[in-house]
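Just one chain follows, in the form predicted alone, and it is written as structure tokens.
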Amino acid sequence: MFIFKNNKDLLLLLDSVRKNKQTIGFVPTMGALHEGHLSLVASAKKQTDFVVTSIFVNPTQFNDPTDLLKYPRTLENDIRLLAQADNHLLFTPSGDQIYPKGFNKNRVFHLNGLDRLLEGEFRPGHFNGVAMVVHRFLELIQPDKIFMGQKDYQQATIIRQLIQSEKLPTQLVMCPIVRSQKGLALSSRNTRLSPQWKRKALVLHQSLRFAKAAILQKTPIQQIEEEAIEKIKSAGLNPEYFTIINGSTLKKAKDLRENLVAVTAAWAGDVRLIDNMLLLP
């Protein structure tokens, strides 16, 4: 596996990859890798010829400086996992490689309002920061496909909008959520959960499964949302929202015939978790 830290080496190698008529897959991460990330690498290997995975803890998407400091950094273990997964290239740039002197960090991306809903209400500026770093990576790497996880459903939807609005020659592939045997969606933040909170956090998946079964029984959407919130509270978590949305617009669903996705966010102690589930085939 190649490991590069600067743009020059990255671009030289990718130029040779393209000259060999190979397609490029890109997996953006912030490190602290787990099986969910490795599943993205596996999908990229199946669909493209050469896989680039990035590890960069992006400061522009953290509206809480404390959260940035707490974000787990496990580069040595990440390298080991990626090598075992036969990833082709790991790009671990410094901040000045992604945001060089003179770079406009004040740019506002037009994301069709998708960034102001759900997570956007609780994390102002977060998605503009995500769009900024992903746009920068897509400019540098110019992949044929970018692979992102369904666990961050809103983020993947926003990046699809970014690709469309910026007319970038990259296709987004959203890959299924990877869960623990008991159902907890794998996340880098889970490493901060105590065993007790991990057990309590299982209620998120349970509430999503409840919503899916209730939708199939044609239970009114508002009733499902209210009951799911109560389930999460009863387990000891502090929910910020449990909402059934239109999976394309991210707006609150009004009709059972829409493309329905249940999304939720809740605090397990001092760790904020998100999860979601597609409710209809």
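Residue numbers run from 1 along the displayed sequence. Model, not experiment: these values are computed from the prediction.
The form predicted in complex with a small molecule exists for this protein as well; it is not shown, and the discussion that follows is about that form.
148 is the sole member of 148, 90, 168, 177 with a non-hydrogen atom within 4.5 Å of the small molecule in the predicted complex. Listed residues 163, 140, 85, 133 were compared with the small molecule in the predicted complex; 133 is the one with a heavy atom within 4.5 Å. Although the partner is absent from this view, residue 43 stays clear of the small molecule in the predicted complex, with no non-hydrogen atom inside 4.5 angstroms. Residue contact check for residue 30: one or more of its heavy atoms lie within 4.5 Å of the small molecule in the predicted complex. The shortest heavy atom separation between residue 39 and the small molecule in the predicted complex exceeds 4.5 Å. Using a 4.5 angstroms limit between non-hydrogen atoms, residue 58 touches the small molecule in the predicted complex.
Of the candidate stretches 150-158, 73-81, 192-200, 168-176, only 150-158 has residues with heavy atoms within 4.5 Å of the small molecule in the predicted complex.
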